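Two forms, one protein chain; structure tokens for each follow separately as structure 1 and structure 2.
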Structure 1
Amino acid sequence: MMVRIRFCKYGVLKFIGHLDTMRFFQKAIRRAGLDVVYSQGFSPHQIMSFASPLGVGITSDAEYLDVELHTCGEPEEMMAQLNAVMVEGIEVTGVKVLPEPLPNQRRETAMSLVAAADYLVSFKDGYDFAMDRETFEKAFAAFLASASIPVMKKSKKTEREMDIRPWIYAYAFPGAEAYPESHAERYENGIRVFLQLSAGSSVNIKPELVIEAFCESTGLEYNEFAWQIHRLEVYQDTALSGLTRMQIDECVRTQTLPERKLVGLIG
């Protein structure tokens, strides 16, 4: 059976990259004593996949990974077992046993489901910024008011221009009291913005890209170290359930995606 685990990652753990986080969980699952499935052969490994790798330096309240078990206990029990072997900076916040796929269906991986993500982007204390909080919020709102935001999007091989405005689904300027449960780092200057962005294999918009475009549009110098990015949630779009990858890509191309119905990856 497949089990989906949600965890948060914060504090010094933000310096641990994706592959090392995966290694951390492989060992943590062994420490927790879960009845995990190993591949056959001389170098057995766990059947594990992550929804959306988190970049080094980024913190998160909602990371997801799927792992295959032979047998399992109640979700609460597994969560307690896992949290007993975690470190400061990684905490399991949810466990769900996934329903078995129908006989002639393939199981959808967490990664293939990802459609959008929420971020909180904060300006760190200790860096110079030409705007105070109020000015920033006005300027940012004005930036997003434009009908199109063309940026150069770099991939491994190519660099191409794309309009990111349609993929910025929502934004807001949350007050200091917002997200009381979140592990997002908080800064005195109060400059921060909430962004809901398209994510996943079709169109993946990184919050850095939006901030960089904003800085460029206002003539500010973009300093990648000055912004702390925090992921609040990762969503699947149930409006796309049943569509194949090719059908989704076609909708993206023709801009005929159905109205979004975003749900967290463990509901």
Structure 2
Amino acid sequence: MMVRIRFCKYGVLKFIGHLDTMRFFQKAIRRAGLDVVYSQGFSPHQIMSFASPLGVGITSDAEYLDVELHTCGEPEEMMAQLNAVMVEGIEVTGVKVLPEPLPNQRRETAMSLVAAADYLVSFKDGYDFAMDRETFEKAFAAFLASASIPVMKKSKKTEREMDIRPWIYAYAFPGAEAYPESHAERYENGIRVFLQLSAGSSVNIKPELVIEAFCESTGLEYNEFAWQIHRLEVYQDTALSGLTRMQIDECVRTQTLPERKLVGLIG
């Protein structure tokens, strides 16, 4: 059986990379006494996969991983077992036992389901910025009012021009009182923006790319270290249920995707 785990990552652990996070959970699952399944072969390993690996320096309220277990208890019990062996900076906030797939049906992993993500992007105190909060909000709203936002999107092997505006689904300027239970870091200058962006294997728009494009459009110098990124939630798009990866990619290419129906990976 497959179990989906939701956890937050914050504080100094934002400097721990994805591979070290994976190794930590492998050890934590053993310490928690969960009946985890191991792969076969000369180098057996726990069968687990993360929904969307988090970059170094980014904090999050909603990270997901799928773990295969032989047997399991109640979700609340497993969450308590895991949190008993966690360290400060990582906290399990949800556990869900996934239903078994129908005969001849392939199980969908959290990674394959990711379609969008919410981010809170904040400007850190101590860095020079040519705008105050009010000026930033007006300039950013004008930036997103553009019909298109062409950027050079780079990958490990390619570099191509892309219009990212259709893939910025929503934005807002939350006040200091917003997200009271979030682990997002707070800064006195109050400059921050909420972004909901396309994510996943078809079109993955990082908030850094949006902020860099904004700075370029307004003539500001982009300093990647001056911005703190916090992931608030990761979503699947139930409107895409039943479509193959090839069909989804074709919809992306022709811009004929159905109307989005976003839900959290645990629900």
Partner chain sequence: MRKNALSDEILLTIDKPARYIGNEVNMVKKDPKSVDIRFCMCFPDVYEVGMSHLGIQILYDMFNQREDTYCERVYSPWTDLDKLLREKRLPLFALESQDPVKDFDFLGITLQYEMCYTNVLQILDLSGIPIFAAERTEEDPIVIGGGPCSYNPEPIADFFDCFYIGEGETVYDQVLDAYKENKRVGGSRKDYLDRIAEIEGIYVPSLYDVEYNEDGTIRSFTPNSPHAKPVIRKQVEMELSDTFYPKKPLVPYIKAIQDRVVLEIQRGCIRGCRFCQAGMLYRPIRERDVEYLKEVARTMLRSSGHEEISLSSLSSSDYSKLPELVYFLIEEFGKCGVNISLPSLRIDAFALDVMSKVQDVRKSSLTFAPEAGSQRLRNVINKGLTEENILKGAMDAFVGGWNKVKLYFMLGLPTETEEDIEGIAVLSDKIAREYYTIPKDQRNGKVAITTSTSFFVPKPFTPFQWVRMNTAEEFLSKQSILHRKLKEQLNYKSIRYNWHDAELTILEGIFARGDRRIAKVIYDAYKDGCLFDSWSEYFHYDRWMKAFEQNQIDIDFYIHRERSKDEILPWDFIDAGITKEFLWREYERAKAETVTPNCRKACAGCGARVFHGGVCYEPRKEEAADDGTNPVL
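If you superpose the two forms and keep the largest set of C-alpha atoms that fall within 1.5 Å, you have the rigid core. Keep in mind the model is a prediction, meaning the values are calculated, not measured. Throughout, residue numbering runs from 1 along the sequence of structure 1.
Kindly point out the structure, among the two, that is the form predicted alone.
Structure 2, which is the form predicted alone, differs in this respect from structure 1.
Is the shift of residue 219 between structure 1 and structure 2 large enough to count as movement, that is, does its C-alpha move by 2 Å or more after the core is superposed?
Stays below the 2 Å threshold, so no.
So with the rigid core superposed, the C-alpha of residue 43 shifts by how many Å between structure 1 and structure 2?
With the cores aligned, its C-alpha sits 2.4 Å away.
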